[in-house]
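Next up is one chain by itself, shown in structure tokens, the form predicted on its own.
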């Protein structure tokens, strides 16, 4: 489970890792009170479990209490990639002299732990890895010996971090181990003008299997699309595009995402996939209704692509599920165009069922490429 930034920083503070002074607020008035207590310029930061807060306007500077109240009012209730900001972190503004990146994580590929440290922080680590992979030091960590003072100094030296950052790296490793985390990440980890190391941000993913040891971290669940999908037993991941995608089977859904992305032209460049949603092998009416409900709840979605290959569950059953799902959804099922591509077991029967239903939102396309192109053009209004 991902923690909010403020929860991650509470963990950091518990382990002696310096973080900016601040507290979380649920109302603009609370933000004003906290800013007054800090008696310094502050930063208002949306507390959502996703990236891209800055680009979405979810991180705003405020010169004082009145400004903090105004900026908090702008951020609270903001939807960032399907996550609603119900709280903000009001934090003393800290000016970095240098910015770094540091992370410890479970490396599932190698079956161990991995340290990733860079002398360049404050940007998307994926972008840095693509443009300058040598800028990131990657060091496998022995699960038995872990990260001691010598290993932390080695990491700092190899990545160009100052010597005093080694102590913070060692403590970040302890957060990973002692808090049953799968990922501990700081971007940016900064050195201030007076040479102090501070975790300016924080991302921590805990192992759900350790729930019974960390009840406080799990006390507050979000109402994000991911959480709502998880509660319905659906495999859903929010993405940045406009085409909602539903398929039966992870491999088929991944292929569909690729085809949607490849179908884009300059005219429909913004019609990228909006999500990954695998409804599994049993596409019952209720499962299909749940999937469509989740996707149609995403304000970014402009069209929906249902791509199903009939196997154990035949296409006629899937088609009946779609028809029943749209009846269950009522007006919500008419909100955006739904492109359906059926193939495999009983595909012709399934197509006939959809044709006879004559639902105004449904458009059938026989090929995956054609369905992806149609959905992308509808999403772009082209």
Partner chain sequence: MAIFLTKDSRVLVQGMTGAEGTRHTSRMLAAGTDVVAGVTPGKGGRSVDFGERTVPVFGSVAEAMAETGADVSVVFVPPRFTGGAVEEAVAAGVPLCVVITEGVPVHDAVRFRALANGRTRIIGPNCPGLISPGQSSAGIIPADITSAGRIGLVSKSGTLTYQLMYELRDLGFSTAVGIGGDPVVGTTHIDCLRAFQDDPGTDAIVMIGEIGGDAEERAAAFIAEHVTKPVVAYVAGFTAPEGKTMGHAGAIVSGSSGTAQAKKEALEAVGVRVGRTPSETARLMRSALSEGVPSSGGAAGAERPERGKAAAYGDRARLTE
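What you are looking at is a predicted structure, and each value in this text was computed from that prediction instead of being measured. Residue numbers count along the first chain shown, from 1. Between two forms, the rigid core is defined as the largest C-alpha subset superposing within 1.5 Å.
Keep in mind that the form predicted in complex with the partner chain is missing from the display, and what follows is about it.
Undergrad: Does the partner chain get within 4.5 angstroms of any non-hydrogen atom of residue 371 in the predicted complex?
TA: Outside the cut-off, so no.
Undergrad: Contact with the partner chain in the predicted complex for residue 299, defined as at least one heavy atom pair within 4.5 Å: yes or no?
TA: No, residue 299 is distant from the partner.
Undergrad: Do residue 293 and the partner chain come within 4.5 Å of each other in the predicted complex, heavy atoms counted?
TA: Taking the distances in the predicted complex, the answer for residue 293 is no, it never comes within 4.5 Å of the partner chain.
Undergrad: Verify the contact flag for residue 28: yes if a non-hydrogen atom of it lies within 4.5 Å of a non-hydrogen atom of the partner chain in the predicted complex, no if not.
TA: Result no; residue 28 lies far from the partner chain in the predicted complex.
Undergrad: Spell it out for me: taking the partner chain in the predicted complex, does every residue among 12, 17 and 76 have a heavy atom no farther than 4.5 Å from it?
TA: No: none of 12, 17 and 76 comes within 4.5 Å of the partner chain in the predicted complex.
Undergrad: So the partner chain isn't shown here. In the predicted complex, which residue out of 200, 176, 147, 85 has a non-hydrogen atom within 4.5 Å of it?
TA: In short, 176.
Undergrad: Between the options 157, 182, 129, 93, which residue brings a heavy atom to within 4.5 Å of the partner chain in the predicted complex?
TA: None of the others qualify; the residue that does is 182.
Undergrad: Just one of 159 to 167, 94 to 102, 192 to 200, 109 to 117 has heavy atoms within 4.5 Å of the partner chain in the predicted complex; which?
TA: Of the options given, it is 109 to 117.
Undergrad: Where, within 243 to 259, is there a heavy atom within 4.5 Å of the partner chain in the predicted complex? Residue list please.
TA: Result: 248, 249, 250, 251, 252, 254, 255, 257, 258, 259.
Undergrad: After core superposition, I'd like to know whether residue 110 moves between this form and the one not shown (criterion: C-alpha shift of 2 angstroms or more).
TA: No, residue 110 moves less than 2 Å.
Undergrad: After superposing the rigid core, is the C-alpha displacement of residue 36 2 Å or more between this form and the one not shown?
TA: Shift of 2 Å or more: no.
Undergrad: Using a rigid core superposition, assess whether residue 310 undergoes a CA shift of 2 Å or more between this form and the one not shown.
TA: Comparing the forms between this form and the one not shown, which are aligned on their rigid core, residue 310 does shift its C-alpha by 2 Å or more.
Undergrad: In the predicted complex, do the Cα atoms of residue 180 and residue 250 sit closer or farther apart than here, given a shift of 3 Å or more?
TA: It is closer: in the predicted complex, the C-alpha atoms of residue 180 and residue 250 lie at least 3 Å nearer than they do here.
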